[in-house]
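Take a look at this one chain, the form predicted alone, written out in C-alpha cells.
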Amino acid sequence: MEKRSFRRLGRTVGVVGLGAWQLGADWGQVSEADAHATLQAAVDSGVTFIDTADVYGDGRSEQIIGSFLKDHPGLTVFTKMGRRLPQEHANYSLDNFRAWTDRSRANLGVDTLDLVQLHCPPTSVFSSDEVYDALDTLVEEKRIGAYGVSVEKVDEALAAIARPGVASVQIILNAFRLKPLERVLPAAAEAGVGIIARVPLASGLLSGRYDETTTFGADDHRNYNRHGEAFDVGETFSGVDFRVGLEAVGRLRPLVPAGATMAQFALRWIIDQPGVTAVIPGARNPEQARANAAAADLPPLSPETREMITVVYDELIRPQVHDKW
C-alpha cells in the first residue's frame, strides 16, 4: 500500500487506515472476536494506521485495539480525548488531559500514545494558548508522542493548523463534503500538518448499499442522530438528508470504474486529493476491511470523473452542507 508522511510526527502510514468507531459502539453490536478478525484483515491488507477514541464504547474500542497490539507491535494508533465530559471549555485542562491520556494509555497498553487528538471540542478551545501549552506538557512528560485535533468546521481546522505543535487535523472529507478542499488542505500541506479524512463514506451512504427501504437499529447513530439529537448532525450521513444522498449516489454510480465498488470509488476520490495523508474508513467485519484497503490499489480517477463528482455536489449536496461546516 502507498505510504504517506505525517511530517510533524516523523512517521509514515498506509494511505488507507482503519477507523475503529464501529469496534466500540454506535453502529450496532460487534463482538470482540469479530473486532479482532477485522483488525487482522486490515493489517493483512496493508493497513498500518488505526484511529480510535476514548469515548468509543467508553473505552471498549481502545481496549480491543490494545489487546490486538500485544501480538502486532509497530502499528500506528491515534486516539482522541475530550468527549467523556460535558463540552465546556473549562474541561480542557492539563489535569483532565493527564487523566484522560492515562486512561487511554492503560486501555491501549502503551507507555506513550503515538498521538492524541482533541475530539471535536468547543470552537473556543482551538484558539486557547493554555490548551496548547497543556498539550505541549503532555509531550514533555512522554504521555503522548504528539497531538492533533479532530474538527467539525473548516475554521477550526485553520486555527489548529496555525499552531506549530499540531501534527494532524482530522476532518470530514468525502464526495458529499468538499469544503475542506478550498482552504484546509492547501494550508495543511504548506504547514506540514497531516490530514486524516474521516467519515469518508458519509456513514455508509457512499457505499451504495442503501435504498429507500433501508432501516438501522435502535443502537445505530444513523437511526438516533438523523437530526443531531445526540451529537453534531454532520457526523451522520455528513449532514446530508438521507433521500437526497441516495439521489446523489444514483447519479455517481455510473462513474464507478469496472471492477470497483461504489465504496472503493468514493475512497479513491479522497486518496486523489492533494494534501490528504490518510483516509480512515470504518469496518465491522473482515470483508469490509479488505475491500476498503483495496481502494488504494485503484488507479487515480480521471479529471472528467472528478469534475462530474463536483457537479453532483454543486447541484444536490452544496445547498445542504457547504455553509454549515
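These numbers come from a predicted model, not from an experiment. Note that residue numbering begins at 1 and tracks the sequence as displayed.
Keep in mind the form predicted in complex with a small molecule is missing from the figure; the text below concerns it.
Interface residue among I280, A295, I65, V47, judged by heavy atoms within 4.5 Å of the small molecule in the predicted complex: I280. None of P180, G194, P200, G82 but one reaches within 4.5 angstroms of the small molecule in the predicted complex through a heavy atom, and that residue is P200. Heavy atoms of G17 never reach within 4.5 Å of the small molecule in the predicted complex, leaving it off the interface. The closest non-hydrogen atom of R163 lies beyond 4.5 Å of the small molecule in the predicted complex.
Using a 4.5 angstroms threshold between heavy atoms, R222 counts as touching the small molecule in the predicted complex. Mapping the unseen interface onto this chain, G245 falls outside it, with no heavy atom inside 4.5 Å of the small molecule in the predicted complex. Taken together, the three residues Q22, Y56 and Q170 all lie with some non-hydrogen atom within 4.5 angstroms of the small molecule in the predicted complex. Heavy atoms within 4.5 Å of the small molecule in the predicted complex map, among the stretches 139-147, 89-97, 108-116, 209-217, onto 209-217 alone.
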